[in-house]
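Here we start with a single chain on its own, the form predicted on its own, put down as structure tokens.
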Amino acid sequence: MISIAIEKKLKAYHGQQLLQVNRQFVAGSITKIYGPSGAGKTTFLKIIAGLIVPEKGTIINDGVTWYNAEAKINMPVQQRNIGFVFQQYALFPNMTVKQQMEYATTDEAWINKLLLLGKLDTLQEHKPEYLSGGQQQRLAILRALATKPKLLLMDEPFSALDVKMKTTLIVELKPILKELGATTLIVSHNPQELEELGNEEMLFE
């Protein structure tokens, strides 16, 4: 279980607003996060990952303190074992599909399983510039899964996929996430498209 109680000031169009979250996420659960632009959804994911530091609060994962403002504890990103799918994919431009995966793990069997899942097994020698937006997005998802994370953060991970690929990938992701036992938080502008993945929801207003 991960317990998050944080406060972070956000710069909004009409001045400042305060992002306040006090919530627990059960291990292995899948939570869909939605709400208007600028409400702090992406910031919230980056705070959990350790990429943004909140002004106040704590983040405790399985009894281990990742962040505590008062105690000045802030565990480095690399030690948090998080898979993160960024909205802009964050792929390495000079690496092929296979190299992107090998950067994350040395487990060849796991890499091959994921590439088959994402329908990228025939594109292993391609660099990102030769992939479509949907293919790049799938690669970003697969790379995030490659480290077998216990916590998976996904920021609009299916936005570039057509309906058929999106539906197929969501259905095939469910057993993978269950196999990993990963606690998953997914930011989506359309939570209805994620019905297959579970019922937990979190609204940012």
Partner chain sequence: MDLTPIWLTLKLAGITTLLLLVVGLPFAWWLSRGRSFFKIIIEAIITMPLVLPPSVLGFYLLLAFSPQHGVGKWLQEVFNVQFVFSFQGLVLASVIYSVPFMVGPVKSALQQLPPALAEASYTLGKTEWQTFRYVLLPNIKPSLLTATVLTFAHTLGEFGVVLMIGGNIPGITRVASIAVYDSVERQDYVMANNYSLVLFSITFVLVIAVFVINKYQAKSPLG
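All figures in this text were calculated on a predicted structure; none of them were measured in a lab. Numbering follows the first chain given and starts at 1.
Heads up, the form predicted together with its partner chain isn't pictured, but that's what we're talking about next.
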| item | value |
| --- | --- |
| 4.5 angstroms heavy atom contact with its partner chain in the model of the complex for residue 147 | yes |
| Its partner chain contact in the model of the complex: residue 143, any heavy atom under 4.5 Å | yes |
| Residue 180: touches its partner chain in the model of the complex, heavy atom cutoff 4.5 angstroms | no |
| Contact of residue 75 with its partner chain in the model of the complex (heavy atom, 4.5 Å) | no |
| Stretch from 46-54, 63-71, 30-38, 165-173 whose residues place a heavy atom within 4.5 Å of its partner chain in the model of the complex | 46-54 |
| Sequence-ordered list of residues in 117-142 near its partner chain in the model of the complex, where near means a heavy atom within 4.5 Å | 129 |
